[in-house]
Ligand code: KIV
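What follows is one chain in structure tokens, specifically the form predicted on its own.
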């Protein structure tokens, strides 16, 4: 699609059922992001995403969308401590998680570690620009590349990650000029999120796109209001249950079984009556 100059869509996804529908919609890339920590597990930041859970979710998405390119997202501290840990955990995404590619937030400083991962046979997507896993250091989610010096740093990071072996790049929360500069100096597909419209591909968190998020980021424009619809459906179910009008089709007993049950109940009722009220039992004729 890059070669044909056709922009490609990407969305986050965290379960097999949703993945099935997104594949049917023609989404070619599904990102199982560490944003699952927030939108699935209820944490307030992505740093709390457990590695084992994210690998399991990645496998679920791949089972739901076997023809899509599924990207697993390496969570905080899953690749930072050592080269061996980085290769082992990335390999788990490929083997256990069935990921087609693994995303890693990194700068030029981490390029040697990514090079070792690439040599081990891990297909990598390097994530530059705003890096949510650095939120504690940065003091919040902040845009990157807003000065010439910052632009040059983000571009240098992207170049270094491609040279380290990344076969795809992702840039987050940068001005258009940054994304264009990366595309001029690199040769691999570039996915943008909050990075202008020039990138080869675009990704959003699915919940932001569908209108589930109470406070979506400034660059995310919803195309639906499914949160409101889910709330309406929930209220309707509450009402139906209260009215004992649950809808659907019920089940019936096999032929003759209902009558058999009634006969058993009548026999049981008679036995209970004799036990509780023996004086009511019919007496025979006096001798």
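Positions refer to the first chain, counted from 1. Computed from a prediction, not measured in an experiment: that's the story for all the values here.
Form predicted together with 3-methyl-2-oxobutanoic acid (KIV): not shown, discussed below.
Original post:
Where, among 33-41, 244-252, 62-70, 227-235, do residues come within 4.5 Å of 3-methyl-2-oxobutanoic acid (KIV) in the predicted complex by heavy atom distance?
Top reply: Heavy atoms within 4.5 Å of 3-methyl-2-oxobutanoic acid (KIV) in the predicted complex occur in 33-41.
**OP:** Decide if the three candidate residues 103, 172 and 205 all line 3-methyl-2-oxobutanoic acid (KIV) in the predicted complex, where lining means a heavy atom within 4.5 Å.
**Re:** All three within 4.5 Å in the predicted complex.
Original post:
Given that 3-methyl-2-oxobutanoic acid (KIV) is left out here, which of 193, 99, 155, 117 has a heavy atom within 4.5 Å of it in the predicted complex?
Top reply: Contact with 3-methyl-2-oxobutanoic acid (KIV) in the predicted complex is made by 193 alone.
Original post:
Going by 3-methyl-2-oxobutanoic acid (KIV) in the predicted complex, which residues of 119-140 come within 4.5 Å of it through any heavy atom?
Top reply: Contacting residue: only 127.
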